[in-house]
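Given next, in structure tokens, is a single chain: the form predicted alone.
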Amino acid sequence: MEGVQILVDGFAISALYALGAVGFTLLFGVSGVLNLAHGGTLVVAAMIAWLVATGLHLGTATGALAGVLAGLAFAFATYAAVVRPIQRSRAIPREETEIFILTGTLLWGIMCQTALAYIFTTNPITVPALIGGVVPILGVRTPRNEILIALACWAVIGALWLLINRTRTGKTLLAASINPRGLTLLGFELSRVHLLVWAIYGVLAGFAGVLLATFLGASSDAVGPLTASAFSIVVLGGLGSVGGSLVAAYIVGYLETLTAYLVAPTLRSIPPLIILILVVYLRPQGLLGRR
């Protein structure tokens, strides 16, 4: 029975990680930014969803919407307060911009974690389930909400795939990831493209944060581990590779689930970090990455 439980829980957790990581990867692929405040975006969305749904008693659906909007707002705040000023700074050499953005977003994430701890305390919060009840899966009673989370994650990922591959906006994003200079020569404003990808990222991360809060819960202390998991996933999958991130999300998700069940829940974040170290040494380009 425990094996089936690991399979079911691991699938739902991995779907959540896939949703969070695909936005992280898309952001890097289009704008070249590795946002180390990613965990903060997820937790802000989770906290606001909890506040609206539980604190203000406005219901889970309203809380979920508020959480997604909060994730979007925090993503824009990260871009406007940290990333854009560094990119436009004349005092920072162009070849050092990436390391300054990494440092800036990392510090921004730490500030976010401290602020959330002050406002909401460090106690874990849980948003009420989107739907109630349980269904038997191979003899294991599984919450309907867990199944809904997995399906919702893949529905959003599917919608993103359609956006990228079937719309003019998506083709613009692809062009920006392949040849940004060529895109500007065609008359596109690159800053607007970057703003668009940050908006998509904020919605995806906000949605993932809300679903996470209805499943595992969230707290300010989760900012760092969530960022570490996402970073491990995108590095394992290959920086800029959406397909690689989806595969890596399931590897990391199941490793964390196995660790939580068979070793200790407090150690679940260790395997992704070990994977990160191994990938850096053995295959820096990741599973499906090219750079």
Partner chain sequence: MSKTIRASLWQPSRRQVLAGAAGLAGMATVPAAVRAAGEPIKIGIIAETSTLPGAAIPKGAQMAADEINAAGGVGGRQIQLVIYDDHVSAVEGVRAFQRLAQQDKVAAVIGSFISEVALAIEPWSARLKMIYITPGAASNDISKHVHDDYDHYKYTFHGWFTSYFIAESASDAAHDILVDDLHMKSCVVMSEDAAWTSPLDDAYLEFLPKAGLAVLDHIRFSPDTTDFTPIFNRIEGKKPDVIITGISHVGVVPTVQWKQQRVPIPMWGVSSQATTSDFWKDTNGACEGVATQTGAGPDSAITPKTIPFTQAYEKKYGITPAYDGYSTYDLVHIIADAITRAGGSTDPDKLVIALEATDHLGTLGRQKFYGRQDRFTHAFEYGPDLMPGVVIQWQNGAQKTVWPKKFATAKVEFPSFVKLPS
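Everything quoted here is computed from the prediction, not taken from an experiment. Positions refer to the first chain, counted from 1. For clarity, a rigid core is taken as the largest C-alpha set superposing within 1.5 Å between two forms.
The discussion below concerns the form predicted together with its partner chain, not included here.
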Taking 4.5 angstroms as the cut-off for heavy atoms, does Leu19 touch its partner chain in the predicted bound form? no
Does Ser191 reach its partner chain in the predicted bound form if we count a contact as any heavy atom within 4.5 Å? no
I'd like to know whether Ala117 contacts its partner chain in the predicted bound form, with contact meaning heavy atoms within 4.5 angstroms. yes
Could you tell me if Pro136 has a non-hydrogen atom within 4.5 Å of its partner chain in the predicted bound form? no
Which of these stretches, 118-126, 195-203, 158-166, 72-80, has heavy atoms within 4.5 Å of its partner chain in the predicted bound form? 118-126
Taking only heavy atoms into account, state which residues of 131-162 are within 4.5 Å of its partner chain in the predicted bound form, ordered by sequence. Gly132, Gly133, Val134, Arg141, Pro143, Asn145, Glu146
Using the rigid core as the reference frame, would you say Leu255 shifts its C-alpha by 2 Å or more between this form and the one not shown? yes
